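In structure tokens, the next block holds one chain alone, the form predicted alone.
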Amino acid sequence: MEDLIQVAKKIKDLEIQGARNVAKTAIRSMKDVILNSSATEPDLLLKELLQAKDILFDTRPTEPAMRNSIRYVLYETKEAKGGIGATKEIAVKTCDKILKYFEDAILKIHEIGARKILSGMQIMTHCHSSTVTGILKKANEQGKDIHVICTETRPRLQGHRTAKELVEAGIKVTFVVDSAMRYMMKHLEVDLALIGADAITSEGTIINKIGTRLFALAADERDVPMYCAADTYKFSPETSLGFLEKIEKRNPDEIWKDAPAGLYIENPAFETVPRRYIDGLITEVGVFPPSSIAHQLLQLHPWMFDFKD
């Protein structure tokens, strides 16, 4: 459990970033707990996994991909039949299944998303999403001549990573400050807006990096189609029960380390984007209107809606 605690600290301190990376890291830690467990009964193993769940869930609030992954491990462990050996085997196989799912899902999203991109398009994105950069690189590999405009994404400057990845892939990139997004949307005649997501609610609302709603408003003003690319593990099933997905607040030092005494600083990491601004969700199982996501996932991942510990 000590190794898991160290991993949890790295997630909390943002040493591990990106929803998929966080989820995969958490599942590897859960797998280590299972393999190293000295539990002699399935109930004792489940107790250890529930403790691990609580530690990992406490790292960052806006991480449904991690929460869903851990829930699936717990669900399959609870449903396992037989003694401790059989239960451990099923739990480990579930961890491996989730990790494989993530690898397969991202490739499918890249393929599906690249079909939305035509040669000659000017595409704008905000923050960093490995799903989005993967789609853009896939389109480039297919010989499509594209131009990408990306924002710096204050305060942690994730847009630098986006720009670097795309330039290294041989894609033409223009880099701008966040406050220039509306100007660029207009003056560069953007054809497509493309973002990732940290969470998706049952109503089809997208939760993504702060600034995304301004980005969506700018796209809507210019009638630019906007798509969100995300795997289905980003769905927040609790929202189907009326609970709100929490918006993470980060340390004010990220904005101004030596701020004047008495100054109050707000540093929300994410914000919501209503479904009316999203033309479609690009997932590993297809492109859907945001309003249909809960129905789709009830069929695809029924275990997500099992809310019992």
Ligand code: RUB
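In this text, residue numbers run from 1 along the sequence as written. None of these values were measured; they are calculated from a predicted model.
One more form of this protein exists, namely the form predicted together with the named molecule; it is left out here, but the text below deals with it.
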Q | Contact stretch among 202 to 210, 172 to 180, 73 to 81, 137 to 145 - heavy atom within 4.5 Å of the named molecule in the predicted bound form | A | 202 to 210
Q. Does at least one non-hydrogen atom of R67 fall within 4.5 angstroms of the named molecule in the predicted bound form?
A. no
Q. Hey, in the predicted bound form, is S129 touching the named molecule, heavy atoms inside 4.5 Å?
A. yes
Q: Indicate whether the named molecule has at least one heavy atom within 4.5 Å of a heavy atom of Q17 in the predicted bound form.
A: yes
Q: Spell out, yes or no, whether the shortest heavy atom distance between Q122 and the named molecule in the predicted bound form is within 4.5 Å.
A: no
Q) Can you name the residues of 250 to 278 that have a non-hydrogen atom within 4.5 angstroms of the named molecule in the predicted bound form? A) F270
